[in-house]
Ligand code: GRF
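This document starts with one chain, in the form predicted on its own, laid out as structure tokens.
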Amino acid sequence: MIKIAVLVSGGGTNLQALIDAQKAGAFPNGKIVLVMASNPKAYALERAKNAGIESVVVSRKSFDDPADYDRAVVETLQSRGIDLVVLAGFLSILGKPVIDAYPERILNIHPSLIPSFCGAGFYGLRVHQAALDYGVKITGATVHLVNEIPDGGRILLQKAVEVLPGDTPELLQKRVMEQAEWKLLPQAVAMLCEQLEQEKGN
């Protein structure tokens, strides 16, 4: 069984999509065993509690040195025997120690069709505002593996979503979540769990 940790910073809507998918049997080879928040006020912690999943806060603000923060993240994950890390609205950039500890085993969801509207500074509503400012007719979401370049890792899945006349960043964000993010993330987790389970078996 692949042990999954979901890293969150806010409301946890993508976490909820994963919890719901897990209940529906979407990833039989994996189980979410830990929710780790960078923010003690993240509503995602409440979602974890309601689902009976262990949660822990490793606050970025508690560490002056980013390397110390990365080490704390790695120690927290490894102490639970985590195999796969899923970033679901996690706003802290992970450094080399975390990426080295989990090569090709950290997933991120980004609310655009990478390489558009991605990289440092592009998160949350900023992404959707940029898409609207540019006038694109199609946007979407991307699940990719995490490397040391923000939003720069290998793409696993993408799904397009139409931009409609009269869209605001908030409306577009909601549509991208519902039509793309909440579908893609469980799908990618299932793919990775199956792959990691096979690697364990070999």
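Throughout, we count residues from 1 along the sequence that is shown. What you are looking at is a predicted structure, and each value in this text was computed from that prediction instead of being measured.
Absent from the display: the form predicted in complex with the named molecule. The rest refers to it.
- Residue contact check for Pro115: none of its heavy atoms lie within 4.5 Å of the named molecule in the predicted complex.
- Residue contact with the named molecule in the predicted complex: Gly10 places a heavy atom within 4.5 Å of it.
- At least one heavy atom of Ile109 is located within 4.5 Å of the named molecule in the predicted complex.
- Proximity of Gly124 to the named molecule in the predicted complex: non-hydrogen atoms within 4.5 Å are present.
- Out of the listed residues Gln173, Asn29, Ser55, Ser38, Gln173 is the one that sits within 4.5 Å of the named molecule in the predicted complex by at least one heavy atom.
- Exactly one listed residue, out of Val85, Ala88, Ala131, Val73, brings a non-hydrogen atom to within 4.5 Å of the named molecule in the predicted complex: Ala88.
- Looking at 58-66, 159-167, 145-153, 173-181, the stretch with residues near the named molecule in the predicted complex, meaning non-hydrogen atoms within 4.5 angstroms, turns out to be 173-181.
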